[in-house]
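Shown below, as structure tokens, is a lone chain in the form predicted on its own; questions about how it binds or moves come after it.
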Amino acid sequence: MSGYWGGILGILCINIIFAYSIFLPAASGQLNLGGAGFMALGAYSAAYLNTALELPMWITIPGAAIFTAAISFVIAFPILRTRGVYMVLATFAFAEVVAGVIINMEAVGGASGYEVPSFADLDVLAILAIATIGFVFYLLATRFGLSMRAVHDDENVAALFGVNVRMTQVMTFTIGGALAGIAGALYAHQYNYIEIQYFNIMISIFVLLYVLIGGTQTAYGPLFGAILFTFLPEFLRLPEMAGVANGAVLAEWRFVIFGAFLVAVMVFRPEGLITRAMVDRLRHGRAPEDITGEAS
């Protein structure tokens, strides 16, 4: 495998884990626009453990996950008091606070960036990405996963049926933070150098699009969204790389084409590309039926 495609697959593994970190809160009705802040916490905590304390990756990666999960748990209580656009703004503000703190911390390089000695190759990234996929699918198949779906569909009805809405949302926010920490730690160990300018608002928007375009109704959605967002822009570059006539024009316009595709998806598939009904139809040959006997 070429270094180019190896690098793309490495990015894909990180994107998958990062997408699931945003998917879990979204699956319980929370839109998180602070993904970059949680990823930065994971990246810098792993980098500090590896550089300053000289700890190996098998400690720095779980350490980053635990640290980010702890921060997520603490801030979940005030953030979950907000709703709708106010929650989006609250999580965005959190990411900006994280960036502001890190850029003024000389212990981790400040604005100059921070070196990370240990390198995580593609095998490590792939194993953790596959483990994350398996974990999320398992989680959604448990009673807790059913509680997440119920809270996402209607908080009041879920509460009437005995679901602890606040606990469900806090736990999904915390688990999502832990996954973002793992994604950040892998990014730090993959590139061996981090700077806070990378963890900006565009990263938060992109990962949220992974989830919303892929779909929040099933665990297949963020997986498909991460694959689509990672590979489609690169596929639009292939004609130029192969020397095809007018390939450079296509490469120059690839983000315009990609943007038009996203707009089309939002217009014609506002619920996302992968829906619960689609999965049930593919699995059972028909859509699930409601109590009236009509397909949902």
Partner chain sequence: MLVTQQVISGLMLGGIYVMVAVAFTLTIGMLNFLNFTIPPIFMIAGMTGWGLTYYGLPFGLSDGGIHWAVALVVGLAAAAAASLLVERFTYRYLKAKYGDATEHAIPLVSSLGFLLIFENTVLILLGSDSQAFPVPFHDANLRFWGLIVSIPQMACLAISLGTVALLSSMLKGTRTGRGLRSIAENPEVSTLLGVNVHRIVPVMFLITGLLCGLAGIIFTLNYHEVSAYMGNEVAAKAIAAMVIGGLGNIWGAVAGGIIVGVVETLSIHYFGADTIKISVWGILLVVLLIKPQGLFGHTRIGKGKF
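Residue numbers count along the first chain shown, from 1. Computed from a predicted structure; not experimentally measured.
We do not show the form predicted together with the partner chain, though everything after this point is about it.
One stretch from 125-133, 186-194, 201-209, 220-228 that, in the predicted bound form, holds residues within 4.5 Å of the partner chain by heavy atom: Result for this chain: 201-209.
Taking heavy atoms only, is Pro56 within 4.5 angstroms of the partner chain in the predicted bound form? So Pro56 does not count as contacting the partner chain.
Does the 4.5 Å heavy atom contact test between Phe92 and the partner chain in the predicted bound form come out positive? Taking the distances in the predicted bound form, the answer for Phe92 is yes, it comes within 4.5 Å of the partner chain.
Indicate whether the partner chain has at least one heavy atom within 4.5 Å of a heavy atom of Glu234 in the predicted bound form. No.
Is Tyr86 close to the partner chain in the predicted bound form, meaning a heavy atom pair under 4.5 Å apart or at it? Looking in the predicted bound form, residue contacts with the partner chain include Tyr86, since a heavy atom lies within 4.5 Å.
With the partner chain taken in the predicted bound form, which residues across 102-124 come within 4.5 angstroms through any non-hydrogen atom? Contacts from 102-124: Ile103, Asn104.
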